[in-house]
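First comes one chain, alone, set out as structure tokens in the form predicted alone.
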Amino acid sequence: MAVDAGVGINEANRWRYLNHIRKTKGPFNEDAEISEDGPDPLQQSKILVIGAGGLGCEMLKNLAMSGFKDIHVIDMDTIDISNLNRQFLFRQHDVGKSKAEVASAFVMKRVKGVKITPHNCKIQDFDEDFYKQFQIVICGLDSIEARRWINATLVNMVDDEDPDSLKPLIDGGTEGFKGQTRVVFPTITPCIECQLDLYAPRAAVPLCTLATIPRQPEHCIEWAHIIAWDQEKPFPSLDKDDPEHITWLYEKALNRAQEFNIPGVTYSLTQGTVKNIIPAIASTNAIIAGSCCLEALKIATQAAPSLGFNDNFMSYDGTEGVYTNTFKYEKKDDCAVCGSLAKPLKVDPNWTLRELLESFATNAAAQLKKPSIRTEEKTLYMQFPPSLEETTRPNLDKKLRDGLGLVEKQEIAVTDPAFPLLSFKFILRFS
């Protein structure tokens, strides 16, 4: 009995200061219902963390040490030796293991009483019923595509008749010494798709440059990645996490660079270019993860107003000191996810349909890799199924105005298999 009593006292002391902040009336929680006898929101809340990398490791640790007891984490990646300098839940003997499983086990061992359930898979592997069980979703992703998918899913889940169907989305992102935190209340505040133009699409390098006149080491790497791999097919399919595959690309790119006297091709640059790796710094991850988890604590306990309704976006810059700026990002009526209007699209009427489709990859408001397109009257081009792709393929080389008969202010709908819930609506504006 004495041992049990001691454990209880230690456990109470552990959360003493946090509980004092949460349960004491103050200027930010005057209207909140605070009861010593009521259910503890941290005990009741089920949290989903998406990503167990640089941000995800920090988030899992922070949430557990903030008193959240039921956490799930999704990550499809395995641990690489390059992760160890900043993803502090992993050790060298963990290389090759699931990030979600190792991170969960580490935190549960250090913070008693927390339950973390790992899911070693893609977020797209789950349906809406899975996401409905959580009170808050927190993203620590390095993929814009994955952000857009979970954003669209959570917005689509909202049922006006069911308040519990609204799941707050907290998103954190870092790049070098810069980072951001934002809170999305689906259908109420601006969503991630509203803010898509904040992400500059990756500049596309023309194939002719890659094939004939490379000027930069990245051109040589992309040549190995796109052209040499397709011609030689050294492995059945490219696995960007397989060192043997990256080594093959590196050696091909290095030979290409030496042929054109281009310095700078390294194994690290090859890996970063092929995987589109964003530079990560541990201190930035820690700051942004701390900000995201603080927002989760505020939403769950109502101890203070969260980002989301007024100021909904916090940016951090640590390049020359410490600078933060919190501001309101406006909701867009022509957002493909939470809006209802079509978005204006400037095009050259003399473009071919192929040129229009290729432009969606670098269009900051679209960023689509495999677009299909149709008007209200007819289908212009469909990527899938193969039979329909073959039927509509002749349209690719037709000009928009003269060949396909498209006119100014005509509405088109664009879809992409990466976002099955979305139909992007555009109104043509001829230049």
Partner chain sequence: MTEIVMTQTPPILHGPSEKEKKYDRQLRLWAASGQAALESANILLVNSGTGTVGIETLKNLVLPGIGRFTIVDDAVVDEPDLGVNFFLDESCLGKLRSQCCTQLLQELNPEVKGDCYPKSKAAVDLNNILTTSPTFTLIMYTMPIKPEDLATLEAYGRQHCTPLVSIHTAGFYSYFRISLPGAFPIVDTHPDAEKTVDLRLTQPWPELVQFAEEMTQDIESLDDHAHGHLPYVVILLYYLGKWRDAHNGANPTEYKAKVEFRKTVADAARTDNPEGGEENFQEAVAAVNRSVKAQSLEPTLREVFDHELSNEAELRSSFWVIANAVKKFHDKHGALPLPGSLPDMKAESKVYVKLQSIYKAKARKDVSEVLETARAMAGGEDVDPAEVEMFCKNASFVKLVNATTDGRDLSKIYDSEKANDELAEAVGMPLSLMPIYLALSATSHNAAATIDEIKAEVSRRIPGAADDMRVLQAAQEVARAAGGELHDLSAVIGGMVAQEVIKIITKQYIPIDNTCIFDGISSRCQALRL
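Basically, rigid core = biggest C-alpha set you can superpose within 1.5 Å across the two forms. The model shown is predicted, which means the values in this text are computed figures rather than measured ones. Numbering follows the first chain given and starts at 1.
Beyond the structure shown, there is the form predicted in complex with the partner chain, which is absent from this document and is the topic of what follows.
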property: Location of the partner chain contact in the predicted complex, chosen stretch of 152 to 160, 230 to 238, 356 to 364, 80 to 88 [non-hydrogen atom, 4.5 Å]; result: 80 to 88
property: Residue (of 219, 167, 148, 99) lying close to the partner chain in the predicted complex, criterion heavy atoms within 4.5 Å; result: 219
property: Selected contact from 286, 342, 136, 105, since only one has a non-hydrogen atom within 4.5 angstroms of the partner chain in the predicted complex; result: 286
property: is_contact(residue 177, the partner chain) in the predicted complex, heavy atom dist at most 4.5 Å; result: yes
property: The partner chain contact in the predicted complex: residue 291, any heavy atom under 4.5 Å; result: yes
property: Residue 245, heavy atom within 4.5 angstroms of the partner chain in the predicted complex; result: no
property: Close approach of residue 111 to the partner chain in the predicted complex, 4.5 Å, heavy atom; result: yes
property: Partner contacts for 244 to 275, taking the partner chain in the predicted complex and a 4.5 Å heavy atom cut-off; result: 250, 251, 254, 258, 260, 261, 262, 263, 267, 268, 271, 272, 275
property: Core-superposed C-alpha of residue 270 shifting 2 Å or more between the shown form and the other one; result: yes
property: Rigid-core frame, C-alpha of residue 256, shift of 2 angstroms or more between the shown form and the other one; result: yes
property: Core-superposed comparison between the shown form and the other one, residue 310 Cα displacement 2 Å or beyond; result: no
